[in-house]
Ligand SMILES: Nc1ncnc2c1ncn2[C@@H]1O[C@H](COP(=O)(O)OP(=O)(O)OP(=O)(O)O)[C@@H](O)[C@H]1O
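To begin, one chain is listed below as C-alpha cells, in the form predicted on its own.
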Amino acid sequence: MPRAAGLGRAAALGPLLAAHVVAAIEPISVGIALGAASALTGYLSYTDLYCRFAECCREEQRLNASALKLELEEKLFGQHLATEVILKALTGFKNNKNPKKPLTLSLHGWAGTGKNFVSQIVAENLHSKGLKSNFVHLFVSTLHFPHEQHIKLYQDQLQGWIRGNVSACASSVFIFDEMDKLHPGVIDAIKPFLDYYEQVDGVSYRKAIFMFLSNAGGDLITKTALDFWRAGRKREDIQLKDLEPVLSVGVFNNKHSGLWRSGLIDRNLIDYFIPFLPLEYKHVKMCVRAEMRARGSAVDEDIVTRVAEEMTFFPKGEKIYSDKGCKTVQSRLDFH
C-alpha cells in the first residue's frame, strides 16, 4: 500500500531512484561484510549470498503448485471454480518459459467471498514476502485514483509506475482492488502492457501478473447460483462456461465496473474472468472455525453457530446466501 500511495510524479520516481542508490551502495557493504564467508564456503555465489540478506527478484523461480493447491483447498471455502481456475492459470503461466503476454485475471463476486484473500495467497506463493514484497503492488481505486477530473494524470502515473517496477523485476505482480469503483478509462492506460507485444519501449511485460478485484458481476453470479439451487443442482455443478461469458459481457456494459467498454475486454486481453460464488450458511461456519484456529483458540461449535446465525441471508424467502459473505466474521467473533 505505501508503495502505491505515492502515485505523484515525484513519489513515483522516488522509490525508483532510491532503488538505484541502494543497488549502488548495498552490494559494496554486503560484499565487505560477507566476502570472506563467500570465499570460504566456495559453493555460494555472490548473488545467492546477497539474496539471503535482501529480497531479490527470482524471475525463474518455479511455482510450488502443490503448496498453492493445498492452501487454496484448506483456506478458501465454497469456491470450487476460483480454486480450480487460479491453480491451473498460475501453474501453466509459471511453467511457460516464454509466455506471449502477461497473465491477467479478473476476480468477480460480492464482498466477503474471498477475492482479497485469494490475491494475498497468490502473492505469497509468488514472492515470499507476499503483499509486503517489493515486487507486489496493490492499488485501491478509492485511495489511489479518487478524482474523476484527474483521469489523464492517473493514466500517466500508472504507466510510469508499472514500467519502472517491471524494469526492476519482470515477474512483478500488480493487484487492482475495488475495480468497480475505478473511473472508466483509467485502466485502459495499461492496455499496451497486457497485449501480445514482445517489448514496449524496450521493456518486456510478458512475465508480469495483473489481478483485478471487483464486486461488479456479483448479481449475475448470484443469479446463476440461485438458478442452480432452485433446480436442485449442486453449486459444484456450476462450471466456468456457465459464468465467464456472462461476466465478460456484463462488466463490459456496466458503467460501474471499471472495465466499462474497456479495450482490455474488447481486445481479449483478460485471460480469465473468475467468479466467486455467494457463500452459504455452512461456508460461514467454516470461516468462523478457520478464524478461531488462526487465533490459536479451540473451536467451540456453540460460538461457531452463534456467529453464523448473527449473519443476514438472502433472498428474503429462501435465505440461502450471506449478504456479507465472511467479511464480518472477525469483528463478530470479537464479541464472543
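Just so it is clear, the model here is predicted, and its values are computed rather than measured. Quick note: we count residues from 1 along the sequence shown, nothing fancier.
One more form of this protein exists, namely the form predicted in complex with the ligand; it is left out here, but the text below deals with it.
- [ ] Mark Lys129 yes when one of its heavy atoms lies within 4.5 Å of a heavy atom of the ligand in the model of the complex, and no otherwise.
- [x] No - in the model of the complex, heavy atoms of Lys129 and the ligand never come within 4.5 Å of each other.
Open item on the list: Residue-level question: is Leu153 within 4.5 Å of the ligand in the model of the complex, judged on heavy atoms?
Closed with: Residue-level check for Leu153: no, no contact with the ligand.
Task: Ala111, heavy atom within 4.5 angstroms of the ligand in the model of the complex - done: Ala111 belongs to the contact set for the ligand.
Task: the ligand contact at Lys75 in the model of the complex, heavy atom, 4.5 Å - done: Yes, Lys75 sits close enough to the ligand in the model of the complex that at least one of its heavy atoms falls within 4.5 Å.
TODO: Answer with one of Phe93, Trp260, Phe135, Phe117: the residue that has a non-hydrogen atom within 4.5 Å of the ligand in the model of the complex.
DONE: In short, Phe117.
Task: Candidate from Asn215, Thr104, Ser171, Thr224 lying within 4.5 Å of the ligand in the model of the complex - any heavy atom - done: That would be Asn215.
- [ ] Can you check 240-248, 75-83, 93-101, 161-169 and let me know which stretch has heavy atoms within 4.5 Å of the ligand in the model of the complex?
- [x] Among the candidates, contact is made by 75-83.
Open item on the list: Need the contact residues for 304-336: heavy atom within 4.5 Å of the ligand in the model of the complex, sequence order, or none if there are none.
Closed with: If the 4.5 Å heavy-atom criterion is applied to the ligand in the model of the complex, 304-336 yields Cys326, Lys327, Gln330.
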